[in-house]
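For this one, two forms of the same chain are given in structure tokens, first as structure 1 and then as structure 2.
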Structure 1
């Protein structure tokens, strides 16, 4: 259904990426399964996969919950684990220190857990220890930030960062397309992360399709303070703007505050990640924020579900395959006032 709405918005460009939408955990299927996030497509009956099996010990490690999206990663992982009595989830301290995160994974290896779900602070930096886990026979489920070596993970759950940029760019094209001189600005997240580079690349490519380009680009750090700072700088640099894409709705709180303080509202803004308050704002149509691009914060939960299936040697429902797939990439739909009702219940709180 999200594809249909994307078409309706004239943003059908999003194809080209292998998109495997995993059951209810993405924003694609609305809120009909409530808070449990338990698997199965919305219409289908709960599959036998949900029946309790052998207890699975899963080690989980993610970066520090210093923004709403990241907090929701761990929270939704816990929720997913709580929904199954056969999952024993061990959550390590969220940290942005790769040295510490490595030692957490080492601890999981020493402990002999059944599987490790890992959202690395820096994918490349966590690759050696993930390889070590795989060599020790512990399947690693890599979430969101990819390892350097494909052998370091059994399953990779990815959002579509490039696709986010494409979705945002296509939407802006559809809104401003007839004006080739339109000024487009971009407020990126942490620039050193490959995910930011992918988002920007997708954005640039999609804008290029309709003859637009990024006139002003600043980078923040996914925090409210960082967003406020970056947006203030942007406003100084660009006296007139037609459209802004802000990569992340957490920093978007600061971005909107900066716009408000400067009294600037001559442009439209598109958000990113898909926070609940951004969606409420879109629903109420009370600010320059007209749309946001979802980057599911439930990927950690997806990782937990996959880990459980993997260890219990179950296959993924709705697929013919005997084994759990190697990679699952989620979709990045555009949320506007027209379809916000479908997404708001799975959105994360900033």
Structure 2
């Protein structure tokens, strides 16, 4: 089995878990069919996961909303909590100060919240205080940036950075794979970040499956200004391009501006993260942007919903398991004009 095939198999299974988790948090349909859970207890007797239970107090902390994706993390968490009358969500002010975020979690511990949903600014730095919460009997749901110690979280909700690269590369292969001389370029995010390294590795691996490689590569910084600078540098270095993968749709606003200013449109572009702005452009077919790869900004919402299930001792009703899984990794689908309507309602605003 090829590396790409193995990855697709893995992410396909994970995607199924993610879908099941969402179904479990929003109600079970099996009860309508008279289904039973493990042990012979009917879901009708147990009640839907949507039924209000004891109030669950959840502390939530995430970095500052200095990026459309990050802003959506907190916004979607609030929306998920608002959907349930039995959730009392306490949101700490977003911060990129690790010491302040540590103190926020310490406050949650001292207040005796029922669960903590935490997207750490720095996973390693936040590990000790997350361990303190777990030792105090407060389940921690780790979102997006992993802790250094797996014992610091009861549940980890992750996107798939490597899978983003695989999805982008596979799509470009499907469009250009019959042209072995195709010139492929990459506009990465911050090169020092593991997530950027994972995205680039997945992209390289997927392109290799169809005999292509990355001919020109530049790195930006996840900002509009950085994207425009990086794209300008790319155009100067590459007089001819067939396809570009830009890792991030927020920096993609600057990338597209650089392309337009230079009058270059001989190539197709694939975006990254899945902003609503990018999806609207794909719908309108008004630029070189023809697709984007989703990195879900709903991870915070998933964290809230799983915290509720944990505290109320509920399970994901569409699974045989009687406990919430230890880890849920979300899929990185490619969005094109053919399926954009399926994804745009959950996309983040740049």
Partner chain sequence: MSDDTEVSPGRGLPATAVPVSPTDPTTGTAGGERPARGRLGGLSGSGLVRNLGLVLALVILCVVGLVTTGERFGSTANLLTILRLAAVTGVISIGMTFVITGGGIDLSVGAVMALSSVWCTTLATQAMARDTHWIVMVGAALAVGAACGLINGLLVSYGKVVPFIATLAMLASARGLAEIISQRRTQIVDVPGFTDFFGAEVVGVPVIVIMFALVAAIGWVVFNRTTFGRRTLAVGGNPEAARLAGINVQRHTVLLYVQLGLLCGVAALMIISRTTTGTSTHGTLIELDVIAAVVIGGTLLAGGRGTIVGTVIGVLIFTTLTNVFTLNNRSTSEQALLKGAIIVAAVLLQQRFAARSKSP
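Here the rigid core means the biggest group of C-alpha atoms that line up within 1.5 Å when the two forms are laid on top of each other. Since the structure is predicted, the reported quantities are computational estimates derived from the model, not experimental observations. Numbering follows the first chain given and starts at 1.
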Panel number for the form predicted alone: 2
Taking 2 Å as the cut-off, check whether the CA of residue 85 shifts that much or more between structure 1 and structure 2 after a rigid core fit. no
Residue 138 C-alpha moves between structure 1 and structure 2 by 2 Å or more, core aligned: no
Rigid-core-fitted C-alpha displacement of residue 190 between structure 1 and structure 2 (angstrom): 2.7
